[in-house]
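Take a look at this one chain, the form predicted alone, written out in structure tokens.
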């Protein structure tokens, strides 16, 4: 059974009902490690070696975060810049992440329609994620389709429960080796 590392990167998690419900729906498994980067590094001083050790011990890497100004929260960007070092994650000798899976679990306040060519933002969510896809590819990782929960500002309790159930099913499929 693959080991999953969930890197939670939400600067104001206590204000995100959607992310809280997703976290609450995680199945209990010794093969899942939840790692809250804002809790671990409130001053943005990242322990690169500890993070690399975590990555080395997991086959599936999930970045759970809100879409933040068409990208990721600042700590995630810093984490990527610091942890995915030349010679470790890519470049000559940088083979530590080869074959690992990269998945983003992303919440957006705007709807799927808002994130489309004709929508408010003018581009799809996937288009905004191109730098992450390239980062994964550069590191020899398999970039899998993101798990999106969109329009969170409009979701009611029942909708949030459905998304949480969908997330739990998704994680269980990953644990079973199903990456589709």
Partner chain sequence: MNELGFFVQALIYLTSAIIIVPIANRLGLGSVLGYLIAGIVIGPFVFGFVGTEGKDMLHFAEFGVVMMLFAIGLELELDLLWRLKFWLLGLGGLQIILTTAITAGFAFGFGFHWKPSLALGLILSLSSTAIVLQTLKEKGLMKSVSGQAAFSVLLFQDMAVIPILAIFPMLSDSDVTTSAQGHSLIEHLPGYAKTLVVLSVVIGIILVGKYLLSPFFRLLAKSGNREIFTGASLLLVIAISVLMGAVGVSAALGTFLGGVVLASSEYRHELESNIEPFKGLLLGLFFLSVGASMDLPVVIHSPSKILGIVFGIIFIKALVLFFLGFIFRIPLDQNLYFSLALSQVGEFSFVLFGYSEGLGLFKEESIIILVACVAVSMAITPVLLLLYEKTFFGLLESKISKTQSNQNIHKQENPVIICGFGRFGNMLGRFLRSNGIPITILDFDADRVEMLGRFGFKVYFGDPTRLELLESAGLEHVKVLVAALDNSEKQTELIRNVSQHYPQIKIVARAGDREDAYNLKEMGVTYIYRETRETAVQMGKDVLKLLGTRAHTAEKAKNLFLKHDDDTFHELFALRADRVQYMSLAKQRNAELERLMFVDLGKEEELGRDPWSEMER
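Positions refer to the first chain, counted from 1. Computed from a predicted structure; not experimentally measured.
The next section is about a form of this same protein that is not shown, the form predicted in complex with the partner chain.
> So which of 124, 56, 29, 47 reaches within 4.5 angstroms of the partner chain in the predicted bound form, heavy atom to heavy atom?
For this set of options, the contacting one is 47.
> Though only this chain appears here, would residue 95 touch the partner chain in the predicted bound form if you measure heavy atom gaps against 4.5 Å?
Outside the cut-off, so no.
> Using heavy atoms and a 4.5 Å limit, would one call residue 105 a contact residue for the partner chain in the predicted bound form?
Close contact is absent here: in the predicted bound form, residue 105 is far from the partner chain, nothing within 4.5 Å, heavy atoms only.
> Sort through 61-69, 143-151, 39-47, 107-115 and report the only stretch with a non-hydrogen atom within 4.5 Å of the partner chain in the predicted bound form.
After filtering at 4.5 Å, what remains is 39-47.
> Are 14, 18 and 22 jointly within 4.5 Å of the partner chain in the predicted bound form, each by at least one heavy atom?
Not a single residue of the candidate spot has a heavy atom within 4.5 Å of the partner chain in the predicted bound form.
> Could you run down 1-34 and flag each residue that has a heavy atom within 4.5 Å of the partner chain in the predicted bound form?
Read in sequence order, no residue approaches the partner chain (within 4.5 Å, in the predicted bound form).
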